[in-house]
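Next up is one chain by itself, shown in structure tokens, the form predicted alone.
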């Protein structure tokens, strides 16, 4: 049974622990990378031995963050045998990946810091605030509760975590505490112009080409409320892009006028990863992701299916159409 704890209780727990492995989720995004690295800096400042473990390592978009070079792939050997497992921004145990699960469960002490409302709890302790815009927002508060001064290195990592998960303070999940956490990062002396330029105003040629290939196949439902697109392995080869270069593409679909639900289907070796987005009042996690075995937030969620791209899209559209219509049963002729 996982025990829910407060920020102060988790801070006390961490003070008493050492040899910490910080775990992020598969396909790590800005929040997973920034939050784990920010907390890694904080633990190091306390004199503790710590390591960041991310499935696949740090994506190129975030490789410039302070401490990124010290992070390891969860499949790689760790620099020490961890005693304390700390999962950050991980909504459930499978999101750690197979190697991550083994390493997490091998630790005698386990804790979770998360902001996904679909998180039912794993590990021994969990700090969960589903109203927080990002795990980075919670990490800022946790570092304060541990009595650690927020350094520029910590702040840069955590600002990236917060900014990327709330659409640079434009999504519905942005709340006063989100701005307060970001303000603490700004007060630590980070270069906001340089950070935001790199995140939002710079794109590699390969990533730009991939965006074009994906959007060329964009489709919209007859009523204009649903949009979907495919991202295949062949598209990655044509663009010379990496799998991580798909981050943010699904948002282009949701930005189409009239669209309430968007899905990007990412082909991955016989499986399909669905990135799901919606506009209120459609809860894409509860109505689409969770029924398919995934999770996430009300307006941003995801799931990986053992199905080809077309079948995965069909399943998502069936559920989304039901939710948009307010029906309790799937339509007889779902969109294809």
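The model shown is predicted, which means the values in this text are computed figures rather than measured ones. Positions refer to the first chain, counted from 1.
In what follows, reference is made to the form predicted together with ligand 5GP, a form of this protein that is not presented.
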Given that the partner is absent here, does residue 296 sit within 4.5 Å of ligand 5GP in the predicted bound form, heavy atoms only?
yes
Against ligand 5GP in the predicted bound form, would residue 301 count as a contact residue? Criterion: heavy atoms within 4.5 Å.
yes
Contact test in the predicted bound form: residue 244 vs ligand 5GP, heavy atoms, 4.5 Å
no
Do residue 277 and ligand 5GP share at least one heavy atom pair within 4.5 Å in the predicted bound form?
yes
Per contact check vs ligand 5GP in the predicted bound form (non-hydrogen atom within 4.5 angstroms), the hit among 174 to 182, 216 to 224, 121 to 129, 89 to 97 is 89 to 97
Of 116, 260, 207, 230, which one comes within 4.5 Å of ligand 5GP in the predicted bound form, counting heavy atoms only?
116
